[in-house]
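Single chain ahead, written as structure tokens, the form predicted alone.
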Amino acid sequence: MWYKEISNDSDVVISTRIRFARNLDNYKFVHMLNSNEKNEVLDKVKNAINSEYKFLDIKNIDETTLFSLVEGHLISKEFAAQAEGAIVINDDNRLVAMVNEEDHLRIQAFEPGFNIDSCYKNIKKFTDSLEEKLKFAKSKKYGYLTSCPTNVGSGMRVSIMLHLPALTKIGVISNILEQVTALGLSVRGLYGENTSAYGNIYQISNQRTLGLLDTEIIDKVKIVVTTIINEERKARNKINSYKLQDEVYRAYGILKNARILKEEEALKLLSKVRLGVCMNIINEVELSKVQQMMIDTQSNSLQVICKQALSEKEEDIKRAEYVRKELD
């Protein structure tokens, strides 16, 4: 999976995502479609993709697997509850499209680290190939038409997931994020809008799409995120001390020896270990392994790994078991 890979600026940036919102011309938006019309949209998209991509009807995916995809940030929680939807996906999960989510198509490209250009190249290639066979709803004046007015125009959302523990520790994270918002970008927690920044993880993305070229959106996000990366690294130099080393190794020690681990506790401890790995405080574990565990210790992902349904008590035991094994 791409999220296990280490790439540009991975010490601070966990991943890059670009999303295009697109709707088929001559069809109402998804929330206004009846069941037959939704199925027509599914058929049209299915017939438009080439053999490089799989088309997975959501009805044929079990609930645990679906929500493990939510935990991996590949699909939205709202989409997982959709009755007449489908997922288009390639072999390495770098390209994932949701069919009949808020729009007929929510096309997403993912890359590890800070890699906007390669993300954009992949999503453009896929979307352009679709547009050769499908006509998208588009206005000469406004651009692509979307269910939510905030996506009208380019329909593009560039989202960067950052790990910012040092800025949090020195008490300036609120000020930094306020500045980001003032510049017209949005800040969300780990699972998007209205969610907390568990594990000091934040998502930063563009708010405006109307009247802007793709390149203008990309350039703005690049400038702002590059500044945040530099500020986080400066903050890490300020907090590098025996106290931090002790905190990192305590977190590592708990993870290596715990017999019961709750999901939120595991993420907080892994966040500290991730910081320690990136600052060369701890060398016993690879960054790619930490990133993998940050996904795999979440409830549904863990049950997929264990290949069984787990009660809350069993889940906490299995999570600790899994982490001990991975760190052994």
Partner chain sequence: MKCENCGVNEATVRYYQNINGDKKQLHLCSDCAESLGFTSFSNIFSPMFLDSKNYDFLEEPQVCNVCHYSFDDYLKTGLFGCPNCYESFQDRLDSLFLKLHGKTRHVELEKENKTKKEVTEKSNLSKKDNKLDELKEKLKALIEEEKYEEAAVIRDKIKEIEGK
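Numbering follows the first chain given and starts at 1. Predicted, not measured: the structure shown is a model, and the values here were computed from it.
From this point on, the text means the form predicted in complex with the partner chain, which you will not see here.
Contact annotation: Asn93 falls outside 4.5 Å of the partner chain in the predicted bound form, judged by heavy atom distances. Using a 4.5 angstroms limit between non-hydrogen atoms, Ser186 is distant from the partner chain in the predicted bound form. Not displayed here, the partner chain is kept clear of Lys262 by more than 4.5 Å at the level of heavy atoms in the predicted bound form. Looking at Thr226, you'd find every heavy atom of it more than 4.5 angstroms from the partner chain in the predicted bound form.
With the partner chain left out of view, the stretch that reaches within 4.5 Å of it through heavy atoms in the predicted bound form is, among 239-247, 111-119, 68-76, 144-152, 144-152.
This chain is displayed alone, yet in the predicted bound form one of Lys268, Lys289, Lys54, Lys28 has a heavy atom within 4.5 Å of the partner chain; that residue is Lys28.
Put simply, of Lys125, Arg208, Lys234, Lys222 only one has a heavy atom within 4.5 Å of the partner chain in the predicted bound form, and it is Arg208. For the three residues Lys4, Cys278 and Ile317, a heavy atom within 4.5 Å of the partner chain turns up in the predicted bound form in no case. Applying a 4.5 Å heavy atom cutoff to the partner chain in the predicted bound form picks out Met32 as the lone residue from 32-62.
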